[in-house]
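Take a look at this single chain, the form predicted on its own, given in structure tokens.
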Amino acid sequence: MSDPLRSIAKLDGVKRSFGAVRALDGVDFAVHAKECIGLVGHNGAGKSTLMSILAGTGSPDSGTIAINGAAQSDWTIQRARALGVRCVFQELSLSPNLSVAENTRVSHGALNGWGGAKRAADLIRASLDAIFPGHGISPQDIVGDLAIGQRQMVEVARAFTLTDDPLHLVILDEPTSSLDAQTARQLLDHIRRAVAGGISCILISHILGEILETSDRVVVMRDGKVVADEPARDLTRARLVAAMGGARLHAKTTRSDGVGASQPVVAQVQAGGAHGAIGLQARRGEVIGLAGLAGHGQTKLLIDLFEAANARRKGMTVDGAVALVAGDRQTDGIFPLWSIAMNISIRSLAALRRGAFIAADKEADLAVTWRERIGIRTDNLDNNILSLSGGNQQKALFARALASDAQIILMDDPMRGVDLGTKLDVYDLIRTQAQQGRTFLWYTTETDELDNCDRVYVFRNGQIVAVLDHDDLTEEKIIQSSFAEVGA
């Protein structure tokens, strides 16, 4: 447990504004020795902004920062690392053209010099082995060739790598957002081991069970302020939701009205092809789930279906316009030089034309409509997309797909970094859209989200190995199928 007399880090009266938006409004925040703090709040509450300041990548407009009791007047990321503060950001910071070992050297100055390459490879391998047994990642792997879940594992392992530099505090901003249930469990267990060994941690997660199970203390932020700070043992999920500003608790859904054998098949993968001995069918109005361990072929299937909608592909048929909600928003989703409105409207250009040109008023109306429907937190849709928090960027990608004419929506783990209240609203929106005839194929690493699906296809080693109907769906069956051999 924490030592109340020793603060690893302390922020007092921190304020930060971005234009007219006040991200932090006089925040006081402290991390004690040997404790894990769970930091929660809806998207735009100020969590990531506060952590960027603590990590040295951002600066406050006002307020003070103290590390181990010493005030810091020139606070930078280099200074933070030198004093043992490291951060795993929600938007991964790895260099895709470098190897895993080379990325480790980049962030650890102690690994420069003679023999540093071999030492970096040995240390990152040891860190990966300690946190994620069976990870299957080589220090020589090029990061750009890794799946997003593997990249997240590397980023986490790099932060926990033990070198000659001090390590006192690790900030983890949505560290399980791209991890499957088994790998997320490995990480959460490691956090508790690290805290027991003397390292303090800050865990930001929209999965409240992770927060309550892993944290010693929970801090809740809302509208740029700390509104609650309590021991985790004194909190329930309902109390935590109420402190965040309220959101109904998730209840198991029922099967879509009107979906059955009478509805036409709009997407089909034939059995015996590239995706295994079990085929896939999605009928009009169905919500189809894709499950299994991360990186086992779910994303590839979605991309194959996306391509099959535009060009004939052996073993696949797609009947209808398709839109894809990318899970790796920085690489495959957002257009970083464009405005929020342009990022939302790009999939709907045909409907926005007036003659040979795009009608600015139609584009603005479309963006405003979906900002309100999905709750994108911005007062100006002409702002650059990067002005939004990560979760709000993801909402914009969701708005892009749903605002389009697509009748088939492909979703590649789209709820990464999205807060609980918004998730529940989007779940309702998906069910409503499905009842109106839209079809969804939804890959998710969050088992609870599969409750929203009519049928779930479980993947292993790039192939579909099991099909579970909604009424038969349990976490145990998904896990069993994930680890079963193909054809077993």
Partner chain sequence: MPSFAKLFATPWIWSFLGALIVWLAAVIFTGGHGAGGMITAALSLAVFTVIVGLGQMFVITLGPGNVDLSLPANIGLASAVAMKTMDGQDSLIALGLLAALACGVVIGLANYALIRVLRIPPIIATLSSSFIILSTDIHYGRGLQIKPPDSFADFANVQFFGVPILGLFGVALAVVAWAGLQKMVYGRSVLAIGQNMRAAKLAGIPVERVRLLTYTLSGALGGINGALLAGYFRGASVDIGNEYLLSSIAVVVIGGTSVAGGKANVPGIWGASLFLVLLLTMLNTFGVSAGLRLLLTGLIIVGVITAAGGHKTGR
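Positions refer to the first chain, counted from 1. Model, not experiment: these values are computed from the prediction.
Same protein, other form: the form predicted in complex with the partner chain, not shown, and the subject of what follows.
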### Message
Can you work out whether F89 and the partner chain are in contact in the predicted bound form, taking contact to mean some heavy atom pair no more than 4.5 Å apart?
### Response
no
### Contact test in the predicted bound form: G224 vs the partner chain, heavy atoms, 4.5 Å
no
### Task
Please run the contact check for P231 against the partner chain in the predicted bound form: heavy atoms, 4.5 angstroms, yes or no?
no
### Message
Residue-level question: is A311 within 4.5 Å of the partner chain in the predicted bound form, judged on heavy atoms?
### Response
no
### Query
So which of L212, A147, I346, V241 reaches within 4.5 angstroms of the partner chain in the predicted bound form, heavy atom to heavy atom?
I346
#### Entry: Listed residue (G390, G333, P139, G285) with a non-hydrogen atom within 4.5 angstroms of the partner chain in the predicted bound form
G333
### Query
Out of the stretches listed (350-358, 120-128, 276-284, 216-224), which one is close to the partner chain in the predicted bound form, meaning heavy atoms within 4.5 Å?
350-358
### Interface residues of 297-332 toward the partner chain, as seen in the predicted bound form [heavy atoms, 4.5 Å]
I303, F306, E307, L324, Q330, T331, D332
### Task
Quick one: in the predicted bound form, is the Cα gap between K300 and H206 smaller or bigger than here? Answer closer or farther; it shifts by 3 Å or more.
closer
